[in-house]
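Single chain ahead, by itself, as C-alpha cells, in the form predicted on its own.
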Amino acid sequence: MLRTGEDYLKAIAVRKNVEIFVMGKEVKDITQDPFLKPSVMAFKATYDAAWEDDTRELARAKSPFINEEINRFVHIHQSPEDLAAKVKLLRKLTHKTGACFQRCVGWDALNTLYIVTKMMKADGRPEYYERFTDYLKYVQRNDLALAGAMTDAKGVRSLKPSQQPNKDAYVRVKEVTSDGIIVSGAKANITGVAATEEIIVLPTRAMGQEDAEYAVAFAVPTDSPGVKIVVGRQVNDARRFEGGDIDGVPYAFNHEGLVIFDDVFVPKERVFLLKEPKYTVPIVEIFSAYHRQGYGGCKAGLGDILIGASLNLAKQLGIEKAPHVQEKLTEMIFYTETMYAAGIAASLNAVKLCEDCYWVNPLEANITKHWVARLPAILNQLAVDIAGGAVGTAPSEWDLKNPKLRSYIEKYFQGVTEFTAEDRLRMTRLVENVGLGVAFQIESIHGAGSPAAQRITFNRVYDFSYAEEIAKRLAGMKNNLVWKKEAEPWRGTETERMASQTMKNKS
C-alpha cells in the first residue's frame, strides 16, 4: 500500500505506549512537539514524494514480493538502475526538506538482511530467510516508517563486546524462550527513530564465537514495552521551540536518539540472526556500503541548497559578479557534483550478489562516503565566506518583529534595494541551519562509519596485484608479461572478494 504523508501523520499520532524523552520530559505526540515536529515533516516528505509530479517516478517501485507498487524506501534493489534511482531520489528529496529525511537507514537495513538471510538459506538455515521475507511483505504492504539501529553504546572501544565491564554496552540476547528472545542494551545516534513505526536492529561489528550472545538481528515496533528513546541535543536546536518561521524553519532539523532496550521481548518470527557471529561480517560490510553510497545523493542535495543560498546572498549584497565569488561558486559546484558522481558510480557499477538483489560497488561506495566526510566542511566554509559574518551574528526573527526595532533592522540589514532585510535574514538563517547543521557537518563525518573505516576498506578491496601487473606489462618488464594475478592472500572478506572479482570480470 502506498501511503500519503497525511496517512503517515495519522498513524504516528495515535501511538499509545511509545516512550520518548526530549530534554528530560516525556513526549507522547511527536506530531505536535516542537522539537520533533521537523523530523516528522521530513518523514512526511518521503511519503508525499510518491504522489508529487517531480518525484513520483523516483519514489515508486514495483515489488516482486507483493506484486504491487510501493514506496521506494521499502524496496529491495533489483538492478543497478534501482540503486541509481535511490541516489537521485535522495538528492531530490533534500531539495524539499533542507535536512536529512531519516528514512534511509531502515531501507538499507532491509536490503542488507535480504541478502544475508539468503546467504543463511544457502548455508542450510532457511528459517531466517522465511521470517525476513514475511516481515518484508508486512512492511511493504503497510508502507512503514523504519529506523535502522546499528551503532551500539560500545563502552570501552578497545574491548570486544564479550570483554566489556558493562555487559549491555552492546545489545545482547539476555534470554532465549520458546517463543522468542529477550534483549538488553542500547543503540546510539539512531537517526529519526522517534518518528518511526518499527526499529530494525543489526550488529554493529564483526564478532567471534566468544561474542555469540551479541550476534543478533531483529525488528520490533517502536512502541514495544521496554523500548525507551532519549533524543539528543543538536546545534541551535532551541530555535525549534520559538514557534517562528525564520529561525525555526519547519524542516531543517532532524534528530538522533539513544534507543534503550530494557529487557525487550522479540517474537521468534521477528528474529533474523541469533547467536551466529559469522554472519555479522557480511551484515556490517553490506550495510555500511549501502549506506555510504546513499550519502552521494542527500549531501549533494544539501550542497545544491548552499550554492543557491550563497548565490542569492551575493545578489542581495551586490557582489554576485565579483571574480572571487564566481570562483567560490564554481568550487562549490565541483565538490557537490563530485559527491553525487561517486554515488552514481557506486550504483551503476553494482554487484549482483543473488539472482534478485544487487549490492553497491563496495570500493566506490566507500569512496563516496570518504568524499562526504571531507567536502561538506569546505562547502560550508565557502558559503560562509560569501554570506559574511552575519551567519553567526544576524539579528533574530524576534528582533525583526519587535515594533521598536523593526525599522532599524530593515534599514541596517538590507543590501540591494530589490531585497528586504527579511529576505537577507531568511537566507542567512538557511545557510546557518543547513551548513552548520548536524546532518551536513557531524553526520557527514561519522554517519555510516568514520573515515578510518572507509580507508581500511579501500586497502582491502582495491586489487593492488592486478594494478601492478598492468603497470609491469605496459612498462615492458622482462619475464613479467603474464597477464595473471599473482597468488597472494586476499586482504578483504569473502563478500568483498566476490565484488572485486565481479568488477574485474566486467572491465
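Here the structure is a predicted model, which is why all the values come from computation and not from measurement. Start at 1 with the first residue shown and count on from there.
If you look for the form predicted together with another copy of the chain, you will not find it shown, but the lines that follow are about it.
- For the residues Met120, Val220, Val391, Ile181, the 4.5 Å heavy atom test against another copy of the chain in the predicted complex is passed only by Val391.
- Between another copy of the chain and the residues Gly232, Pro267, Pro225, Gly208, the one pair within 4.5 Å by heavy atoms in the predicted complex involves Gly232.
- Put simply, Gln32 is far from another copy of the chain in the predicted complex: not one heavy atom of it is within 4.5 Å.
- Shown alone here, Pro277 lies farther than 4.5 Å from another copy of the chain in the predicted complex, counting heavy atoms only.
- Not displayed here, another copy of the chain is kept clear of Tyr114 by more than 4.5 Å at the level of heavy atoms in the predicted complex.
- In the predicted complex, Asp304 approaches another copy of the chain with a heavy atom inside 4.5 Å.
- Residues within 4.5 angstroms of another copy of the chain in the predicted complex, judged by any non-hydrogen atom, belong to 364-372 and to none of the other stretches in 133-141, 120-128, 364-372, 351-359.
- In the predicted complex, just one residue of 261-279 lies within 4.5 Å of another copy of the chain by at least one heavy atom: Asp262.
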